[in-house]
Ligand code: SAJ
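Just one chain is shown here, as structure tokens, and it is the form predicted alone.
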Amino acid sequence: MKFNKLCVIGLGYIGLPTASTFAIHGLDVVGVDINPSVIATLNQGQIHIHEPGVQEAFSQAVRVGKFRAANQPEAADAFIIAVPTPFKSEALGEDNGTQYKLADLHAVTSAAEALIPYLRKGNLVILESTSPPRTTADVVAPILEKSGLKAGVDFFLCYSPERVLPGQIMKELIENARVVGGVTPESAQAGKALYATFVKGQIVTTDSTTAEMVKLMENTHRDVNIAIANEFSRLAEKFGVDVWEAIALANLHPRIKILSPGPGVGGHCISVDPWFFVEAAPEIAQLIYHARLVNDAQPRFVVEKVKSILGALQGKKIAALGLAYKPDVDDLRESPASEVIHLLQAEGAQVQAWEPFKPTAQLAGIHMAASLEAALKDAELILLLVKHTQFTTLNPHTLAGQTNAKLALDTVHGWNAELWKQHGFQFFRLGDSKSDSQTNA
């Protein structure tokens, strides 16, 4: 199949890199977003996300005249829907006493509705947004068929999940294997032909529901494995063990690969996608459900650790370092660090947060410091929540002259305990009661 013009709906962390990559490989691309500030930023030649390589690819796409940003779709040969699928705010499902979070597909359904006036016979529509099983066939297809065209007969319809790592999106978009699931085999082949424009990795075709499940399985597998690591961190504290040492020793076994614990699980994938399985089949997804409970409770475990160090938190001043959901990115979605801060504040603590990758972020109920120095100045405890390189390379000797704090809590194994102790700090680490300062006293 020949594709000349592509319309990408949603210009976030996946949509914009995808649109830019197609554009620099020769397609005329219209990028659509409902956020006026996103459109304004892009039309000024700048991007609104922090991701290596995206600015360069976007600038090249604009320079060669292959990319335009707009606030509504246009007629095209192919359409990609890459919009968010968060939770429904405050809404829960329940099955036999099991409460679970519900997927909010409003952005997906709105995007599909917006395409109806522009859909033509022979077009290709691909949903990339992570979605519960059967969303493509049972939700998107009926909406698009309001056009009078039949999915899989008059137009091609696919699901193809993004499978990229923040920080390496531009590289992995091209090099990773791609799964393309069609509502018909012909649809899958059409999707494969589009991605072959730039994908160097293997492109595998299947049906749309299998492709949806593949994406959820990948992130659920990781979530369950993080949950056992987080549970090990709690057990280690109970038994007087350093969980980081124990994990390193266990991982010497050739068939063991335990992941790292931390303050919780965040981001728009791993902390969200498992709930789609629970929502779709709560009577079956029991292990998945309980892993989610463990990871969602990890921020409370961090707060209890802080209380064991500071005692009652009312009026205590804490410098919280990091708000992103993972190291060296600016993505704050579903961040466990934010939840830790909210819980600390609920206990009466005064928290100053510093996020170097998004210093001007405005998060409800969180006070953002103007700089690292401002966050540290009056703090009693320095709390490391994200393993940003900028934080792991901090010199405790330098920091000792910038803060009144003499207490440090590392929740991500980012600091050398002995080095901090040498420079006058009482040092504590999540999952490590063996070498906590209070244990050594």
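The numbering used is simple: start at 1 and walk along the sequence shown. What you see is a predicted model; the values in this text were computed from it and never measured.
A second form of this protein, the form predicted in complex with the named molecule, is not displayed here; the remarks below concern that form.
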Pick the stretch from 71-79, 114-122, 182-190, 260-268 whose residues have a heavy atom within 4.5 Å of the named molecule in the model of the complex.
260-268
Counting any non-hydrogen atom inside 4.5 Å, which residue from 164, 141, 332, 280 sits next to the named molecule in the model of the complex?
164
Can you pick the one in 145, 304, 218, 104 that has a heavy atom within 4.5 Å of the named molecule in the model of the complex?
218
Residue-level question: is residue 178 within 4.5 Å of the named molecule in the model of the complex, judged on heavy atoms?
no
I'd like to know if residue 300 sits close to the named molecule in the model of the complex, meaning any non-hydrogen atom pair within 4.5 angstroms.
no
Please determine whether residue 226 contacts the named molecule in the model of the complex, using a 4.5 Å cut-off between heavy atoms.
yes
Partner contact for residue 325 in the model of the complex: the named molecule, 4.5 angstroms, heavy atom:
yes
